[in-house]
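Have a look below at one chain only, the form predicted on its own, in structure tokens format.
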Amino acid sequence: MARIRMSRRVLMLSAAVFAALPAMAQDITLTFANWATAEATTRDGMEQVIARFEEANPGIRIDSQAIAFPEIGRQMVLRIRSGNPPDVAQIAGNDTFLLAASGGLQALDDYAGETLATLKPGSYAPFQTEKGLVAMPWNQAPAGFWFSRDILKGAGLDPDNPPATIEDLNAAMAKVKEAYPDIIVLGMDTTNRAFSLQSNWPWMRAFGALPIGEGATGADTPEMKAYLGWMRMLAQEGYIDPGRKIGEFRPLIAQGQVAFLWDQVLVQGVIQNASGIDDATFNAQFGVAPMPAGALGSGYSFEGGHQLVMFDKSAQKDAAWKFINYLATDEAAAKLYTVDTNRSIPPAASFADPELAASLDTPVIEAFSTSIIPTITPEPFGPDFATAATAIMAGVQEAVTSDRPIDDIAADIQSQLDR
């Protein structure tokens, strides 16, 4: 009987030990909300980066949740309110600051301290708020003034010297339109959405307009009216194609149907993917420069890059930070996704990997790094940005599609902003 009782004790102890083992050895699963895996052009690169992270961190599994870019900000707010946010999310633009204002994000200061010293200061400064560092920069994707050298040459313009001022641009657009009456002279986003205001903000600033934000002078001002009048001229002369989203112009410039394009650094990748041309051919056919200077004597840009955020309800913050830090700073991940897939610029100040450094040693990256990024102007992001964008861009659309007096349009925008 004693032998039997001992066997039972051993069996019971063994059962208890083995019951505890799965809990001790169980992998961590991080939920990662992103649009990179929702889009065909970036899905493969993102999935490869995730696989490499999991291979390097066998105790962590990534549950990638694909959400379309236009929906992800709203979805994250709803999930914060319902108490079910992911661990990590890809985010951009005003959505980053909406999430920060919601109180649902984890400040990253205690996690990112040493990492920040390896980044370009300008890459993370916009995300330092009174609540701390609310987001980690993943890539930089500022806007530049792209141009087709072939079209400029065909219009009798210098293909190596694009317009440096808005006055120069007006004259160049007239020549392009005369030489190529059927193409889009200037591709720019004039839709009514928050991103369109983000894209048009540097042009407003070039005219001296400051309708919202810190130090705002309002919409019913001579400067804002000058901007609206210029937009109307672009439409009346047939230089722009109103109502198109910025992404719609990218394949068109690759086909030789757009002369100038106001768009982000990723344009090179889109053109090369669409046309199959190599780097040397691309640089011979296309170039990018700072936005032509306006009344204030300078041009501006906007930062359209993507960030990574951690949610305060994450039960595995150390693992979440490890994943964020990997995506943002690992050189192999930067080469595979940020540079080769997303065609943007990593936030790191320097690179030890000679292959990665060489991939960033290009005329386009040089132009952005030395001439365009320094012109980035702060956007008036915040909880009211989307509402203000609706009012402002509705006025812009009216300016480019109607003959209603500009003074009346500006007054209406201001009335909407006041409300």
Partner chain sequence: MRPGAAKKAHLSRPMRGRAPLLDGMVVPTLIVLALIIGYPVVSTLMLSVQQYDLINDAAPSYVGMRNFSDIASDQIFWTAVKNTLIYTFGTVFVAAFLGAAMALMLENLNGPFGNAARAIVVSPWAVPFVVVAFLFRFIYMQKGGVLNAVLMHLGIIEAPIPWLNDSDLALPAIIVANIWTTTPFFFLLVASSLSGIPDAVLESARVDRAGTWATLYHIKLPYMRNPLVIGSLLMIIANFNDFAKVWVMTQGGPGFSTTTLVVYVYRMAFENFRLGYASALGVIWLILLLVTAALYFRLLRGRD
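No experiment lies behind these values; they were computed from the predicted model shown. Positions refer to the first chain, counted from 1.
As for the form predicted together with the partner chain, it is not shown, yet the points below apply to it.
>> Only one of these stretches, 320-328, 333-341, 203-211, 74-82, has heavy atoms within 4.5 Å of the partner chain in the predicted complex; which one is it?
In response: Every other range fails; the passing one is 74-82.
> All three of 93, 217 and 364 touching the partner chain in the predicted complex at 4.5 Å, heavy atom to heavy atom?
Replying inline: Looking in the predicted complex, the three residues 93, 217 and 364 all stay beyond 4.5 Å of the partner chain (heavy atoms).
> Is residue 101 a contact residue for the partner chain in the predicted complex, using a 4.5 Å heavy atom cut-off?
Replying inline: Answer yes; at least one heavy atom of residue 101 falls within 4.5 Å of the partner chain in the predicted complex.
> Heavy atom to heavy atom, is residue 130 within 4.5 Å of the partner chain in the predicted complex?
Replying inline: Residue 130 lies outside the contact set for the partner chain.
> So, in the predicted complex, is residue 59 in contact with the partner chain at a 4.5 angstroms heavy atom limit?
Replying inline: Looking in the predicted complex, residue contacts with the partner chain do not include residue 59, since no heavy atom lies within 4.5 Å.
> Do residue 416 and the partner chain come within 4.5 Å of each other in the predicted complex, heavy atoms counted?
Replying inline: Heavy-atom contact with the partner chain at 4.5 Å: present for residue 416.
> Given that the partner chain is left out here, which of 67, 394, 360, 28 has a heavy atom within 4.5 Å of it in the predicted complex?
Replying inline: Here the answer is residue option 394.
> Out of 223, 263, 241, 303, which one falls within 4.5 Å of the partner chain in the predicted complex, going by heavy atoms?
Replying inline: Contact check passes for 241.
> Is any part of 167-202 within 4.5 angstroms of the partner chain in the predicted complex by a non-hydrogen atom, and which residues would that be?
Replying inline: Contacting residues: 182, 184, 192.
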